[in-house]
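Form predicted alone, single chain, as structure tokens, below.
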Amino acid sequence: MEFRKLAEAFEHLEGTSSRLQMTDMLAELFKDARPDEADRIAYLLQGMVAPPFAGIEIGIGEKFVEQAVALATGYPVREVEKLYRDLGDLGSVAERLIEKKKQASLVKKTLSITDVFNSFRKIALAGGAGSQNIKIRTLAELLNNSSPLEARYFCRIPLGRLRLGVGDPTVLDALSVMKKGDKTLRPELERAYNLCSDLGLVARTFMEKGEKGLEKFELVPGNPVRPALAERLSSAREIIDKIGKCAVESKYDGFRLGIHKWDGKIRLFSRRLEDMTSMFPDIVDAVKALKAKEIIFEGEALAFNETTGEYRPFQETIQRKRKHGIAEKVVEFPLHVFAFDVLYLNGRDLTGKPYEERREMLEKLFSGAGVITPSEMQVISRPEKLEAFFDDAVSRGLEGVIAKDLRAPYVAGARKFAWIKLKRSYRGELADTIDVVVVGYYKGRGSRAQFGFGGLLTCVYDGETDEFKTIARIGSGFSEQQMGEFRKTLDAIKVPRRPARVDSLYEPDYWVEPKYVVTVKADEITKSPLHTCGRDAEGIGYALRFPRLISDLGRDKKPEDATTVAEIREMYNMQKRISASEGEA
């Protein structure tokens, strides 16, 4: 397939905010592609040349892109810079200058998707002496052979600024529509994606082998598994009523890690599927010592004082997440991993086994003392026993507990009542902390004018529509330092209009790409006609009352990992149940 066709699809996607139209456009695109092009299309739609966990980024700086545009068009760099200041988008700059470029190419090659993909991969992998020149010349060569429209995306892709508004669920829907004409295959596609976290691999396997290829998808060590998620309930009795006799584990406030060992290799992945291996050499050493030759397991890593038995606060644990000064922090804040699930062992995918069997294997694997031990767990069938376990966990500084259905398989990437969390924040407060996606910000006024920042417009994620729905405008909880940092960080991802995946009745001073997740607290969740989260037929949605910021930008979550509309609806109902029980008391 010629890249021209993909560029035209990008342009159409950019011009629509309808998810149905996006899905149909992508379905047609995949239908016209060869199976060996499907993975390349999926990656390029994400602005990548490999799955995110591979750590292979195209990214080159704006100055390199400006030099490549100048080299390809014959215009001086200063003119490219001036036009960029006027247009605010290097893709548009390249499009305009290619259209009227001063020097015509003697031979112009028609570029295929594979040609373009390989060129961007060459840019991504270039390193060492002379790599800057390789990156600039490779991009310039693409531009030399491009149409104006292709040039727009040749510059946006390496800068990570495609902004098509296409989420992974939309791509999965499109693959189903391509094959079946509807979305009935979405669950099978999603299952495969949750097990491998590689959209390109799923697309190619599906186009090469169809539904049978999806059925055979299993865990592969080295490919991170999208983590299983827990539902919420507000009391021990509700949990026992829901799942009966269950395993109850302590809930730790640390780093959730997916830990892989195979062929002498070890990888540690965050809940956001980022490779954290180099940051935690003490955990790597402990995994090396495991008898298992191949294993994938999950655990929570936190700074833990073995002598006193005290768990250090998350503010201390977070200091271990760094790229420099690692050796010093290993000594200052040694980590302990509380393993809570095993998913793969010596060639066997265990995700289909019931939790009870997986836990038995886990305890045999990590029976001794050391850096890695099993999480605290009791099998409980009575609410009062669960309540006592919860109270003890909270008294020792833990977040709460997780109750797990003894019969349930491990469901990657899904939020099911197989796991139910009960946290201390459910007691005495009507709402848990909430993770929201930043989609816009407001100018500073009054005392905040000097910072150019006055607050955030935020959303939660709607998994059914693959959109972000507004839930709060946040103006409280910022320090002066944070206001300056937020302004600088968000300026880098400003967009000229509302992003396609954002559903909002509000118009902030500046829209930004949905990229960063922050954590907030609020007094309660209320009904509101002004926000789109959970909006019903009468136009009434949910909002946060008195929201205040309690984290910096860029927590360890993707936008799609933020609190969901379904969770907000459950939390609202939970509030009503708590209020009713307090009224009866």
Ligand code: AMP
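All figures in this text were calculated on a predicted structure; none of them were measured in a lab. Residue numbers run from 1 along the displayed sequence.
One more form of this protein should be noted, the form predicted together with the ligand, which is absent from this view; the next part is about it.
- Residues with any non-hydrogen atom within 4.5 angstroms of the ligand in the model of the complex fall in just one of 166 to 174, 182 to 190, 153 to 161, 414 to 422: 414 to 422.
- This chain lacks the partner; the member of Tyr252, Phe390, Phe453, Phe297 within 4.5 angstroms of the ligand in the model of the complex by a non-hydrogen atom is Tyr252.
- Taking a 4.5 Å heavy atom cutoff to the ligand in the model of the complex, the contact residue among His260, Arg358, His336, Lys404 is Lys404.
- Annotation: in the model of the complex, residues Arg256, Phe340 and Asp432 each come within 4.5 Å of the ligand through at least one heavy atom.
- With a 4.5 Å cutoff on heavy atoms, Arg271 counts as touching the ligand in the model of the complex.
- By the criterion of a heavy atom within 4.5 Å, Ser375 is counted among the residues contacting the ligand in the model of the complex.
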